[in-house]
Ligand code: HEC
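As C-alpha cells, one chain now follows by itself in the form predicted on its own.
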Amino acid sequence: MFCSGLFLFGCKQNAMPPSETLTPDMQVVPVLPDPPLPYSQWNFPDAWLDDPALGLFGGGGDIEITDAGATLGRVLFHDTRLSADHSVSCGTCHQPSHAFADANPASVGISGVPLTRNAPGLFNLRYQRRLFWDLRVVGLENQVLQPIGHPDEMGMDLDALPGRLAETTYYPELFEDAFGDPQVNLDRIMDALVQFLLSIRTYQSRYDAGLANGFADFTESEMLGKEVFFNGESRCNQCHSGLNFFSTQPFINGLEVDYAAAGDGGIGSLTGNADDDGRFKTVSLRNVGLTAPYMHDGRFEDLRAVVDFYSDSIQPHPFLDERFSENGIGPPGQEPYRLELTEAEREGLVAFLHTLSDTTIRTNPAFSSPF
C-alpha cells in the first residue's frame, strides 16, 4: 500500500499481464482460514515489551488488534479494488518477499510516473509514531488512507471507496465479523488496515538467536561486523540503536551537499528551513538484508554500497549531523567523518547486517495475499 513518492508506503504498476489484471466486473474472492488466524494473541517478546525506551513509542493510537479486524485488514491491504483502476494494491509494492518494501528505487503508482522516494519496509509499526520519510504525519490512523487517495499512488476517490467495497460478495460479511454489522465506511477501513499493519512484527533473526546463545553460531566475519557496529568508533549504533535498531530522530547524513537542489529536501521541503535540508526519517535496520535498495531514493543497490558510503563518502553539508562529522560532537556542519574501514571490516559489517533479517516474514501466511 501506500505508494511512496510522497508518503511512507509505495506502489507500482501491477506486474501481472493485462489479461490477468482485475477489472471492475471481476469478482476474485479471498481465500481465508476458518476460524481466522489468532492475530490478537501474538505479541512482541517480553524483552521488547519491558524495554523502557521502546515503551516511549507507539503507533496506531488506541486501536486494538482483533482476529477478525486484522483479517479484514489483510484482505484490504492486498486488494486491488482499493486503487482507482483496479491495478494496484497496498501489497503490490509492499511485498512480503522484501519485508513489505519495494524492490524498485522509485515506486510507481497508477499514474505511471515514477515517484521521488523508495517505499520502505512495513514491520514493527507499533514503535513508529511519526510516519513517511519526512515524518509529516503522526499515527498510523492518520496515515493509512492518504496514499490510497493520492492521485499518483492509488488514485482512489475515498468518498467512493466504501460503496465500491460494499458491492462485493465478501466485504459486508468481513466488516460484520470485524465490527458487528456489515456497514462499510472509511473509519472502519482505516481501523482494519491499522490492525493488520500493527500485526506485522519481526524479531526472529539470527541476531536474536545470538542474543540467546551468546552468538555461538556467528561466523568470524559476522562477529567482526558486530564489533564494528557496536564499537563506538563507527557510530552505527548511535543512529540505529536498541532492539529495533532505529531512532525516532531524523538526520542529515551527508548524501548530498544540497538535497533540495538534488530534487528532494526531505523535511526541509516542508519547513523551508535550511537546517532541515535533507533531514529524513531514520528507518529500522531490522530486515535490512531484505529491503534493498537503500536510502530515501533507493540510490544504493546493496548493503556494501551503503557501508562504503558511510566509510568513505559522506558529503559536506552546512547542517551535517555531528554524528557524521570528524568530532562526533558539537555543532552540526563540521567536516565529514572518514572511517576508512578495512576490506575485512566492510565485509564483516555487511555480513552482520544480514543477521538482522527475520526471513519468516517472507512466508508467514498471516501476512500473505489471500487472493
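The structure displayed is predicted, hence computed values, not measured ones. So that there is no doubt, residue numbering starts at 1 and follows the sequence shown.
As for the form predicted together with heme C (HEC), it is not shown, yet the points below apply to it.
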Q. Is residue 346 close to heme C (HEC) in the predicted complex, meaning a heavy atom pair under 4.5 Å apart or at it?
A. no
(Q) Taking heme C (HEC) as it sits in the predicted complex, is residue 170 near enough to touch it, meaning that at least one heavy atom pair lies within 4.5 angstroms? (A) no
Q: With heavy atoms only and a cut-off of 4.5 Å, decide whether residue 197 touches heme C (HEC) in the predicted complex.
A: yes
Q | Interface membership of residue 74, heme C (HEC) in the predicted complex, 4.5 Å heavy atom rule | A | no
**Q.** Listed range touching heme C (HEC), judged in the predicted complex by heavy atoms within 4.5 Å, from 135-143, 215-223, 176-184, 202-210
**A.** 135-143
**Q.** Residue among 236, 267, 156, 99 with a heavy atom within 4.5 Å of heme C (HEC) in the predicted complex
**A.** 236
(Q) Each of 126, 192 and 244 within 4.5 Å of heme C (HEC) in the predicted complex, by any heavy atom, yes or no? (A) no
Q. Going by heme C (HEC) in the predicted complex, which residues of 81-116 come within 4.5 Å of it through any heavy atom?
A. 88, 89, 90, 93, 94, 107, 108, 109, 115
